[in-house]
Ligand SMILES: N[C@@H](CCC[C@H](N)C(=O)O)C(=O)O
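As a starting point, one isolated chain is supplied in structure tokens, in the form predicted on its own.
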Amino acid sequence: MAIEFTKYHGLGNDFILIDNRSSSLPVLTPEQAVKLCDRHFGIGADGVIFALPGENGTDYTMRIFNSDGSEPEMCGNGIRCLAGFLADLEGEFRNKDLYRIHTLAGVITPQLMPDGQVKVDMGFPRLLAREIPTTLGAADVKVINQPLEVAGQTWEVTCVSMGNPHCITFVEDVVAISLETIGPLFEHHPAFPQRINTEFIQLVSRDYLKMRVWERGAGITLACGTGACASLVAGVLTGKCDRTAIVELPGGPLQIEWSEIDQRVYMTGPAERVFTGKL
């Protein structure tokens, strides 16, 4: 049976989107997703996203397989792409601009904006060591500016979960970081029992951050939405930045806000369709 797909990207973080609304299980296996994500022998992507039927009163369910076959709890750029994909699927029958999406990280609500951007209510950041999870602190304490030994160097790290785990460290120059070398060492460090996404952040000003990322299960990517959110939260926790800022990624900028009113994190950025095809 032929399977139709649409390729999307959010600031260069690219995904294969599949209409999976007829089944509550993904139509592809993780092994098949790995082959499709291969940039030489497949379509090429950072992950495969499935739009499944909603659960517990939500509009739809999101599942995602990374390019290595692992399954993350959520993906910030990916859910913006999913919102655009769903709008395309519904076409003339679309009667809403906001979707309630069931994910492994909870219910996430992306909203299609009049200017073509997608604003996502990413929910509350989780800050306790057991919520990350990490062994860098006692279970019920926040991990802020804690020392972590990686590759013979001591890094000050702050840990945040946006439904998936992040380790953030502030550096003088993000370009100088050898992500290919240091990224895997962070991801598989024993302090992170479920592995970790790692963000290296250069503070340009209190409302402007530059970020490079090593994603758990995907490696170097051009953008990471949950990572941008976690980085702003880490910047606020360490007193380095304001509660609203532009986070500049290699693929482009995201606007991130950690609301002082409701304490939720909001991410606004693009989702662009690239092409469609059949498997």
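This one's a predicted model, so the numbers in the text were calculated from it and none came from an experiment. Numbers for residues come from their place in the sequence shown, where the first is 1.
Just so it is clear, the following notes concern the form predicted together with this ligand, a form of the same protein that is not shown.
Peer 1: Counting only non-hydrogen atoms and a 4.5 angstroms cut-off, does residue 72 reach this ligand in the model of the complex?
Peer 2: Output for residue 72 is yes: heavy atoms within 4.5 Å of this ligand.
Peer 1: Does the 4.5 Å heavy atom contact test between residue 226 and this ligand in the model of the complex come out positive?
Peer 2: Although this ligand is absent here, residue 226 would touch it in the model of the complex, with heavy atoms inside 4.5 Å.
Peer 1: Quick check on residue 164: any heavy atom within 4.5 Å of this ligand in the model of the complex?
Peer 2: Residue-level check for residue 164: yes, a contact with this ligand.
Peer 1: Can you tell me if residue 212 lies within 4.5 angstroms of this ligand in the model of the complex, counting non-hydrogen atoms only?
Peer 2: Residue 212: no contact with this ligand in the model of the complex.
Peer 1: Can you tell me which of 93-101, 110-118, 136-144, 76-84 lies within 4.5 Å of this ligand in the model of the complex, counting heavy atoms only?
Peer 2: Careful reading of the contacts points to 76-84.
Peer 1: Counting only non-hydrogen atoms and a 4.5 Å cut-off, give the residues of 179-208 close to this ligand in the model of the complex.
Peer 2: Heavy-atom contacts within 4.5 Å come from 197 alone.
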